[in-house]
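Coming up is one lone chain in structure tokens, specifically the form predicted on its own.
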Amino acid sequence: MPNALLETRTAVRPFAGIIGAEVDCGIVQQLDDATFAELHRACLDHLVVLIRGQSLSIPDLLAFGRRFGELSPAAPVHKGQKPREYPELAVISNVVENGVAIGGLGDGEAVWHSDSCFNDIPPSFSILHSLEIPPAGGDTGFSNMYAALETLPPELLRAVRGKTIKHDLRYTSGGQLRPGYTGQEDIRTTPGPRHPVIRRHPDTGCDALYLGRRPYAVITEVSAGESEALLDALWAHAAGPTLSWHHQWRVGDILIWDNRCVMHRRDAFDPASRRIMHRTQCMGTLPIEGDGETAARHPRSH
């Protein structure tokens, strides 16, 4: 009979708490199909996966990302961004060279969000590789949206079942107003998708909260006042400390997270420090509505 331990090619160490795991799988450029399958399974099981000590060129990172699925073109993260040699790569950085920002999203705090929720089809996995990090700050937090739904008070669950959130397309990921908008428009009438508040994951079959971003979002089935009150209650719950884990970066880290069931945020850091990250993202699928009751419970939701 085959030895199951010998067949396992990865070491998966779940973090204490409710989300995340560190995975030892060797050099990611050299993963065979069986080892990659174990890594992919770890991403679905633990929502966020950390791989330490990796050195990837841009083509290496994109090739690694493609193993998770078709890559999405990276949205511009600052105004005036020039055409890029690698359209699927986003440079996340505060560094300015010769008066030109090499990337975007700067050095300030990034509040809780799911990536590109303002797209009709948001990304599935995000893959972020650290090249330079500041001596302090810039930590990234992740929150388990399976668990957020599982622990939602019953009256709040009843209030959001069957509801959708309209996500604001007027602003870029960097918070900048897109051309053609003033910022004074009524979001209920501007372009942007509506996604279910309770979302069923296409691979795990489990339900999770899907909130996207707080600014300018609106629940379309209720009045403006009811929407604000309901969103405030959802966000107060989903951003709670018991649902999250925060990562302190090292050079060479790779973090992979699942935007379909995870929110994340970033701490601010000293603007005089350098931080350079490379990110790629995989195409997702159109969000499917869940009900928060009939789906299987995810193992890390409780």
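In this text, residue numbers run from 1 along the sequence as written. Keep in mind it's a predicted model, so treat the numbers as computed, not measured.
This next part talks about the form predicted together with a small molecule, which is not shown.
A.B. asks: Of 217, 160, 152, 128, which one comes within 4.5 Å of the small molecule in the predicted complex, counting heavy atoms only?
C.D. replies: For this set of options, the contacting one is 128.
A.B. asks: So the small molecule isn't shown here. In the predicted complex, which residue out of 84, 113, 194, 178 has a non-hydrogen atom within 4.5 Å of it?
C.D. replies: Result of the distance check: 113.
A.B. asks: If we define contact as a non-hydrogen atom of the residue within 4.5 angstroms of the partner, is residue 245 a contact of the small molecule in the predicted complex?
C.D. replies: The answer is no: residue 245 has no heavy atom within 4.5 Å of the small molecule.
A.B. asks: If we define contact as a non-hydrogen atom of the residue within 4.5 angstroms of the partner, is residue 206 a contact of the small molecule in the predicted complex?
C.D. replies: Result no; residue 206 lies far from the small molecule in the predicted complex.
A.B. asks: Taking 4.5 angstroms as the cut-off for heavy atoms, does residue 278 touch the small molecule in the predicted complex?
C.D. replies: Flag for residue 278 set to no.
A.B. asks: Just to confirm, residue 140 within 4.5 Å of the small molecule in the predicted complex by heavy atoms?
C.D. replies: Because a heavy atom of residue 140 falls inside 4.5 Å of the small molecule in the predicted complex, the answer is yes.
A.B. asks: On the criterion of a non-hydrogen atom at 4.5 angstroms or closer, are 92, 105 and 266 all touching the small molecule in the predicted complex?
C.D. replies: Yes, because 92, 105 and 266 each have a heavy atom that approaches the small molecule to within 4.5 Å in the predicted complex.
A.B. asks: Given the stretches 55-63, 35-43, 232-240, 258-266, which is the single one in contact with the small molecule in the predicted complex, using a heavy atom cutoff of 4.5 Å?
C.D. replies: Partner-contacting stretch among the options: 258-266.
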